[in-house]
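Just one chain follows, in the form predicted on its own, and it is written as structure tokens.
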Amino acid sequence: MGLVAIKNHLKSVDTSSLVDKVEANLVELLQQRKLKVGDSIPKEIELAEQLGVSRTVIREALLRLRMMGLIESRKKKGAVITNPDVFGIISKSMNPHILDQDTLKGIFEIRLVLEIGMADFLFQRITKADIDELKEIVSKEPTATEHHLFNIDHEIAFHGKLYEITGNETLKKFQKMLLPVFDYVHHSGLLKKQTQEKKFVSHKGLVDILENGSPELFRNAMRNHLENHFLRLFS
């Protein structure tokens, strides 16, 4: 490698490192100024002077913040602070084809935590109409489903309704983001051969508890319902 090439290579590395630092400093600066969603951020020239770097570096750092959804450009206001679509950002890297088995398993475990933990929300917010709709969903499942441990279409319909009942928009967005991962794992051959467990609780059993039981009973039932899925994960 010639001297010029070495200098260019070092300059590229240094610039990248500088942009990383400026990006972090920008976030810290915006926090120090206690800017809220909708507030305008300082102009590029002001930021460059305050941080002691070129406008080119500032511009690249701001571009990263835009890509992260932290700022956006608006007419007459310039760049303003925004409320980032956190799940929208995460979903871009949530392609199951590029995730390893440990990550896929971890995502399934997140589901276990969420659906056991939603019991109190469900019992606080569920209505008679919701119970009727769940019964309708279960009625469309074949009788054998009471013993089957995983059917992607039934899972999406039933569990999607549970997320809806919680009334928590963040949970609903998260569930929609995870659905492609569930579908991929189901069809990927990563699951062990289906097993049969005596303590398996079906969708119908879960509905019965939602209608007549308690949050604690539901938590235990949901744990049993989902644990059998995990018995099939990643031999």
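The numbering used is simple: start at 1 and walk along the sequence shown. Everything quoted here is computed from the prediction, not taken from an experiment. The term rigid core refers to the maximal set of C-alpha atoms that superpose within 1.5 Å between the two forms.
Although not depicted, the form predicted in complex with the DNA is the subject of the following passage.
> Each of Ile137, Glu141 and Ile156 near the DNA in the predicted bound form, meaning some heavy atom within 4.5 Å?
No: no residue has a heavy atom within 4.5 Å of the partner.
> Which one of these stretches, 23 to 31, 202 to 210, 55 to 63, 173 to 181, sits within 4.5 Å of the DNA in the predicted bound form when only heavy atoms are counted?
Within 4.5 Å of the partner lies stretch 55 to 63.
> Taking the DNA as it sits in the predicted bound form, is Lys77 near enough to touch it, meaning that at least one heavy atom pair lies within 4.5 angstroms?
Yes - in the predicted bound form, heavy atoms of Lys77 and the DNA come within 4.5 Å of each other.
> Check Gln124 for me: does it contact the DNA in the predicted bound form (non-hydrogen atoms, 4.5 angstroms)?
Because no heavy atom of Gln124 falls inside 4.5 Å of the DNA in the predicted bound form, the answer is no.
> Evaluate Leu217 for contact with the DNA in the predicted bound form, applying a 4.5 angstroms cut-off between non-hydrogen atoms, and reply yes or no.
So Leu217 does not count as contacting the DNA.
> According to a 4.5 angstroms non-hydrogen atom cut-off, is Glu44 in contact with the DNA in the predicted bound form?
Contact check for Glu44: yes, within 4.5 Å of the DNA in the predicted bound form.
> Could you work out which of Ser73, Gln101, Asn83, Ser93 is the residue within 4.5 angstroms of the DNA in the predicted bound form, going by heavy atoms?
Contact check passes for Ser73.
> Following rigid core alignment, is the displacement of the Glu46 C-alpha between the shown form and the other one equal to or greater than 2 angstroms?
For Glu46, whose C-alpha is compared between the shown form and the other one after core superposition, the shift is 2 Å or more.
> Answer yes if the CA of Asp208 moves 2 Å or more between the shown form and the other one after aligning the rigid core, and no otherwise.
Asp208: C-alpha displaced by less than 2 Å between the shown form and the other one.
> Look at Glu133 and decide if its Cα position differs by 2 Å or more between the shown form and the other one after superposing on the rigid core.
No.
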